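One chain comes next, on its own, written out as structure tokens in the form predicted on its own.
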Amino acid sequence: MASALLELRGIAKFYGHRCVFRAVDLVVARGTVQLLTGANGAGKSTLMRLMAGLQRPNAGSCACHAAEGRVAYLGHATFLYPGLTALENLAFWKKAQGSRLTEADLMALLERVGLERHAHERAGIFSRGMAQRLNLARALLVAPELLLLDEPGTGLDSRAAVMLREEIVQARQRGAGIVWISHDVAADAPFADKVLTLEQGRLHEGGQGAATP
């Protein structure tokens, strides 16, 4: 599939004798948002870590077609350094990724997530919501082609939640493929092309979201 950024074929994951999920097929195309839902413990985060290449499946294949360095993963851990300021955190990740962004570019990114006034404050004193916004800025550093979001709304207030959804819409418009784990299906489904549910070890398509043309 020429437009596919990620293809999962017959994916299965076991922890010992316990099956987390099996026979999972999923294609993430450019310019689409897939909303992934399911009960706590259903295996959503495990499935996303497989998509990100952080874990390996016990069966099946996972093929990523995004350009090297253009995959961004936002998980439950923020990957932030508490002793560094918000700006220093982004500068560290910029250097690690070999990005040519300037300090002005990093400040503009902090402004996008509403943290420009806190650029020179240490991340270790940030609230959970502020840390999550900085984590989102980190994920957006690479202008990702494939964006994997595991409950990105954690800790966000209503204003920041609006900002998050706007960033997801803009990433989709730029042609990114997005997989988004959410527990707030009613609020988030209008921004998705498809709603998927992981239940009893199987992935089911729950219907189309409002973002589908």
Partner chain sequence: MMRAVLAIARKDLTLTLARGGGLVQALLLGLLLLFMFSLSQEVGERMSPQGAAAIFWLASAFCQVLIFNALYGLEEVHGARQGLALLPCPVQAVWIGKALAGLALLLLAQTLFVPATVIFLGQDMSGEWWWALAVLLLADLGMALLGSLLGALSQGQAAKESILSIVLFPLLAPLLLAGIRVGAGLFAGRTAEGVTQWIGVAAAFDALFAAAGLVLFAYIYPGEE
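This structure is a prediction, so every number in the text was calculated from the model and none was measured. Residue numbers count along the first chain shown, from 1.
Below: the form predicted together with its partner chain, not depicted.
The closest non-hydrogen atom of residue 118 lies beyond 4.5 Å of its partner chain in the model of the complex. Contact between residue 52 and its partner chain in the model of the complex is found at the 4.5 Å heavy atom cutoff. Residue 77 belongs to the set of residues with a heavy atom inside 4.5 Å of its partner chain in the model of the complex. Using a 4.5 angstroms threshold between heavy atoms, residue 69 counts as touching its partner chain in the model of the complex. Judged by heavy atoms within 4.5 Å of its partner chain in the model of the complex, the contact stretch among the candidates 177-185, 53-61, 162-170, 35-43 is 53-61. Counting a residue when any of its non-hydrogen atoms is within 4.5 Å of its partner chain in the model of the complex, the one hit in 117-140 is 122.
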